[in-house]
Ligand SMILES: Cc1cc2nc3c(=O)[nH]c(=O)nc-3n(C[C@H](O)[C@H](O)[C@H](O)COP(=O)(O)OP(=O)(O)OC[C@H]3O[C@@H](n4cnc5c(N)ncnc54)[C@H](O)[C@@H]3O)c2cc1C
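Single chain ahead, by itself, as structure tokens, in the form predicted on its own.
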Amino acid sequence: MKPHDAQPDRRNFLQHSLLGTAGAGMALASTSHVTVAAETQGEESPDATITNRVDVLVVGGGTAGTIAAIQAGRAGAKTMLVERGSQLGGTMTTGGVAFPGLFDAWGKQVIAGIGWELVRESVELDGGQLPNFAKVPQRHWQNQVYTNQFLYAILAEEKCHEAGVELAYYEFPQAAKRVADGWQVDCVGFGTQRRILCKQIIDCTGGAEVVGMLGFDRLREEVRQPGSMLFKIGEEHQPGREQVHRLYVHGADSSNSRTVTQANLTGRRSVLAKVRAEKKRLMHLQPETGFRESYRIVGETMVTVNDYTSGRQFDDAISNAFYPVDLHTKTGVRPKPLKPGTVPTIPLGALIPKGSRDLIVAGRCLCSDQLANSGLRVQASCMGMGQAAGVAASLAAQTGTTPMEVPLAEIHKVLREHGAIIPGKA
């Protein structure tokens, strides 16, 4: 046989081998088929800008924003959620911190509502196990809820769809300004220019990015808590059953795409170094650093560490919170548990940028000092804030007022109707 004759024979051999394998029911991988639904969002103008007119715009689809959007939709507001990434859940899904807490304190549940509904259904669908909240654990993390991050993200999308929430991934506001009947927010994504006209904005970006864009004051520490890059080497990751390995990324900054890029590059380089040093297989790696801290708003009310550790019952409390004071530093973390019976509360005023109208935040960017924020930033508390912000914004849109002027009794009434626990009533 001449050398050049060998190539056709090899191709035939491979083709016959693959066909034979598939024909024998031994395909290398199975494939299902689905079809993308036609796009229905917005009105397109001659310059290709898409325009949406909604009651409530939620910016940021993380732990707080997802719940805020579902709640606003369920309360009857036409709602749109813009998320710069590819999925909902934020730190829980993209960051991989898929063990939310804490929903309970001192033997009883203190945070429930839509966030708990989503976490509970994720665990049940995954065949997982929920903690026994009647039992007070020796360590706070023992009552965190192991959640399958992949199921959580999909279920969150389903609940948004059922609530009528329009989702826009890969987009972020580029400009925002006041217009006659609310806000005009111009967003950009690859291949997309979108103009959103809305009555109310809920900023759930983690760093109050829209609040800053609108010129309201924000706070930030000179030295911030580190971010975490989550991964697993050596053994297969079991989603919803365990925590994975993590390393601190000191100096991590979620303020913009450049600083997030640097945090991710730094985290991934460190994981690669561990793989080489330990000579084990890399089995799991989250796509993005989980960030603990960024900008916080200057709000109508500041939650101080004394408010937090004393369990101050604010007159305008809209959610409970519960977690140790949990400041991560270069020397690690030493959580400071709250005294027995203490359950902090979150006031509506801490979600309102000072002097603003038709604007509210939820999540870790609430107005608080750094130590109070180290306990308030966790996922169950962010879910409670998100639900309250969704109620306040939707009621404000319906009645033509601003979240701070919506009667507290009306906010509490709607929260109760949607399963939330009102502070002091657990």
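Only a predicted model underlies this, so the values are computations on that prediction, with no experimental measurement involved. Note that residue numbering follows the sequence shown and begins at 1.
Note that the form predicted together with this ligand isn't included here; everything after this is about it.
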_To verify the annotation, which of these, 148, 144, 301, 345, has a non-hydrogen atom within 4.5 Å of this ligand in the predicted bound form?_
144
*Have a look at 112, 230, 123, 317 for me and say which one sits with a heavy atom within 4.5 Å of this ligand in the predicted bound form.*
230
*asked:* Let me test this: is every residue among 61, 173 and 377 within 4.5 Å of this ligand in the predicted bound form, going by heavy atom positions?
replied: yes
*asked:* So, residue 85 and this ligand: in the predicted bound form, are they within 4.5 Å at any heavy atom pair?
replied: yes
*Does this ligand get within 4.5 angstroms of any non-hydrogen atom of residue 351 in the predicted bound form?*
no
_Proximity of residue 363 to this ligand in the predicted bound form, heavy atoms at 4.5 Å_ = yes
*Does residue 268 reach this ligand in the predicted bound form, with heavy atoms at most 4.5 Å apart?*
no
_Among 202 to 210, 305 to 313, 273 to 281, 335 to 343, the region lying within 4.5 Å of this ligand in the predicted bound form by heavy atom distance_ = 202 to 210
*Contact set, 79 to 112 vs this ligand in the predicted bound form - heavy atom within 4.5 angstroms*: 82, 83, 84, 85, 89, 90, 91, 97, 99, 100, 101
